[in-house]
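In structure tokens, the next block holds one chain alone, the form predicted alone.
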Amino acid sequence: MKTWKLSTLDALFAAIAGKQTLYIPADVAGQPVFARWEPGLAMTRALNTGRSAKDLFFPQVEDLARFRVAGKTVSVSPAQALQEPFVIFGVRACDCRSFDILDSVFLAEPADTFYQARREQATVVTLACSQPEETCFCTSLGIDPQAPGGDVSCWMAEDTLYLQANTEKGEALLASLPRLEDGEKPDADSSVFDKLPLKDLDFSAFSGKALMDWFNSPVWERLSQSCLGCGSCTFVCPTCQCYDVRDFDTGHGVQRYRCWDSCMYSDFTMMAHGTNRPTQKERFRQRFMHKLVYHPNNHGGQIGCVGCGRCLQKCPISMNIVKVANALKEGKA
């Protein structure tokens, strides 16, 4: 275990940024986000960023290729996958677990080379939680917010930052830093997590064996009536993976890019014949069936949620995965 004085945290960031690009959770334009560190940029006091650390591995917009046409000749210039190493500091345990869920999709054969390159180049430094929000429920999904994992795990206590390397990447990062001292992490107080209102959530009922029972539940009709289809829940979710691929005429050729999409949108997967989910009920059901049933059925029981609570905070009509899961189990809206 290594230690660093919190009073000189900027010096730690400068030491990391001197060797690799560094991202930290910081307030930018009044919102907590993961931003590239530069001198003077301070860590946010918010527990979590508005959008998750997923952005660093699966960006909202990403170039794929460029096409140029000259007469009968078409030239293609594929976008280059990231080749520069970077460090992302301050990732909470929920977001760190989300990488496992994203990996199970993007790194399955055939692997998504853009995502794969970012994962290979990244060193993830996590930060333990000590003051969770009332909307947090990661512990109900088997996540320990005080043992956040990653390549390096960090804890803050009084005036000290404690750092523990968990992987070869983590060991290499700590070995490259000056002024680290040996220390012993103090015992953590977990009593605050036992007081959270959502600590007793149980998702064990959502097994693949009952897939059609959940799919045909009458609850979907009632729950979906208030949904606006705005997609806020999908854009703040650290585990959502939907994207669209589009072509843009630049006037000098065609730029192909991908961008986040949402299964809550009426034009999601729209084709010439229309869409296979024409009603809000069907789109609403798709999102939550994927999180609660489809993903765990295809990935060894792994629920497609990490309990970060962002959807509870951001939904304009207070509809979220907790409310849906409870309503389904109770058989009522």
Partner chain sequence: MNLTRDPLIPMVAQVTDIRADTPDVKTFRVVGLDGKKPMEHIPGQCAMLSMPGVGEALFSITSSPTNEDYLEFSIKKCGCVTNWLHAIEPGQQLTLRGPYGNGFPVDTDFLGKDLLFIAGGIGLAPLRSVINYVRHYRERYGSVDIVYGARSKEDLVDYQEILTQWCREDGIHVHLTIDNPQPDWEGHVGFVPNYVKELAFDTGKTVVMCGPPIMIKFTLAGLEELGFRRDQVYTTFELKMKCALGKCGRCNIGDKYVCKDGPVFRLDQMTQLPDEY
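Keep in mind it's a predicted model, so treat the numbers as computed, not measured. Positions refer to the first chain, counted from 1.
Although it is not shown, the form predicted together with its partner chain is what the next lines describe.
- Mapping the unseen interface onto this chain, K185 falls outside it, with no heavy atom inside 4.5 Å of its partner chain in the predicted bound form.
- Among heavy atoms of E120, some come within 4.5 Å of its partner chain in the predicted bound form.
- In the predicted bound form, its partner chain sits within 4.5 Å of a heavy atom belonging to F114.
- In the predicted bound form, no heavy atom of S204 sits within 4.5 Å of its partner chain.
- This chain lacks the partner; the member of L211, L177, M156, L141 within 4.5 angstroms of its partner chain in the predicted bound form by a non-hydrogen atom is L211.
- Judged against its partner chain in the predicted bound form with a 4.5 angstroms heavy atom cut-off, the residues K19, V152 and S190 are out of contact without exception.
- Checking 93-101, 157-165, 120-128, 142-150 against its partner chain in the predicted bound form, the stretch whose residues place heavy atoms within 4.5 Å of it is 120-128.
- Counting a residue when any of its non-hydrogen atoms is within 4.5 Å of its partner chain in the predicted bound form, there are no hits in 14-53.
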